[in-house]
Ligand code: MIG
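Starting off, we have a lone chain in the form predicted on its own, written out as structure tokens.
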């Protein structure tokens, strides 16, 4: 059951697609308290209550004991004390004697104090008076999540090729460098489907331009890479460079499509191109205009994009710089007060992403003038919306890859997300594991982290362990920052282990894609906590580092350095499969309970659940070469079982065609187990 409570005059965020009548009754479960003119909701938790949700956020699956700030933040240094990251996903579920979910549909700042200030008290602090609260009652947490997913609509569906391995770095500087990356992957036998173009492919960091010096024959180069089975994926940033003669700047200025200051002039901030304006993505006309600009790259053969810097990130503003200049002019450099020098340091290092600057510019939401901080969390989401709606016009029958750094619930319908500029830390591998179900709860199914970490220097062992989890995430991208060690897989010496792990990904793609598609089409989750599948197993409900993946598989990744294995709890009897490569495996039937599982750094473990099966195809060097006419089936069963494999052309939008379902059945005929399918099965392994 879902109830809706409206406060003030809320901005329509686009998060909800299922109509719900506003309730005239007093709000349930939450008590209201006004403090300093702002509203706080309180909810008293029981000792054993578990709190799920918040999508892209720090911490574990259970969010108790910390404060979370829902305010899209350019935050590359994701240490444990950070309260906000790149996304704003205001959905939480209380799971216990009472099961209830809260979605705070508010585009401004929302702060969740979940048992931090007071152990059993949930406090929700609202940053503005205009918002909507949805309260969802259900049988359990999983039921509430599924109701919420119905409320917010079907998740974005990526093309099949976007499930291949993808390689990125800030930046591949020219055509020859990209060719080298592709050649080295192919020479090493490491499958590859995409190479990313970071900001340096552009002419002076100007959106929708190409550097003629670095990429002189762009369309031909895109075609050349496509013949190699590799798509190029360029970045698009939110800021538009202020430069006379630059078409995007001239048009945005002429038609008043940029964000404004209070005096009516265009807001100016410094980002990669230098001084920039921000398109007013809150305005439908500006979205249509900006979205139409993707066509030039699509016409060059581009089939995917990543939108970045769209919190929006600001290195500085003119006002901030002027304030700093004035401060410096009046600063007494002869002072002996050390506190003054700390003040000086803070003044010069706090020019980026100032709240004061977010409060200084405005949007025209089709006639409603709104200050930016009141809709801050929508900005990146609506940039994604601009691109998605443009694709529907430019290539209406074709799926495009699209994902974003900043996001708000609702943008899950328009594109995926990656988890932003993480670091080459073991703790971020662990965070990646625990974040995936939380993202799925909020509708983000096409998602993943920068494998190996974006910042810092990745080790060989960390990359192997991260890949052993990353081969299960829909977005599987190795991405690293300028100034870090090169972390293309061939840069770590012997490539055999990396080739073998990526080959496992390609043999798993039919299962991963099928489970992803079924989750999208039924508003379900791809990654689930054990608690959602085994709600009556008290011990399973406490485990956060093991995940159920789709219908058949449980994952238990290794995420600590120098480990030779890990402890795993099995809520039921399962089949352990250890992959050395796509074709070299070890099997062991394991009983319910706690086990220590040896797992070498070059191995991939997974568990097949009882009376489930796992279809595998032959590995390939890219998805264009995948052969799904034949399958190998691994089944852990002592009974008749069926499995429906979703399979389509991977590019069109005919999602609901019944012919997209392929049925595999394991049956006992005259005492002999066998497999039946309209697909050829080259090998059946029954356990």
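Bear in mind the structure is a predicted one, so any value in this text is a computation, not a measurement. Positions refer to the first chain, counted from 1.
One more form of this protein exists, namely the form predicted in complex with the named molecule; it is left out here, but the text below deals with it.
Novice: Residue 309: heavy atom within 4.5 Å of the named molecule in the predicted bound form?
Specialist: Yes, residue 309 lies within 4.5 Å of the named molecule in the predicted bound form.
Novice: Determine whether any heavy atom of residue 327 comes within 4.5 Å of a heavy atom of the named molecule in the predicted bound form, and answer yes or no.
Specialist: No, residue 327 stays farther than 4.5 Å from the named molecule in the predicted bound form.
Novice: Any chance residue 405 has a heavy atom within 4.5 Å of the named molecule in the predicted bound form?
Specialist: Taking the distances in the predicted bound form, the answer for residue 405 is yes, it comes within 4.5 Å of the named molecule.
Novice: Can you check whether residue 479 is within 4.5 Å of the named molecule in the predicted bound form, heavy atom basis?
Specialist: Answer yes; at least one heavy atom of residue 479 falls within 4.5 Å of the named molecule in the predicted bound form.
Novice: Picking from 520 to 528, 390 to 398, 194 to 202, 377 to 385, which part of the chain touches the named molecule in the predicted bound form when contact means heavy atoms within 4.5 Å?
Specialist: It is 194 to 202 that comes within 4.5 Å of the partner.
Novice: Which of 303, 266, 421, 373 has a heavy atom within 4.5 Å of the named molecule in the predicted bound form?
Specialist: When the named molecule is considered in the predicted bound form, the option within 4.5 Å is 421.
Novice: Just one of 341, 315, 116, 587 has a heavy atom within 4.5 angstroms of the named molecule in the predicted bound form, so which one?
Specialist: Result of the distance check: 315.
Novice: In the predicted bound form, which residues of 166 to 185 put a heavy atom within 4.5 Å of the named molecule?
Specialist: Going through 166 to 185 in order - heavy atoms within 4.5 Å of the named molecule in the predicted bound form - there is one hit, 170.
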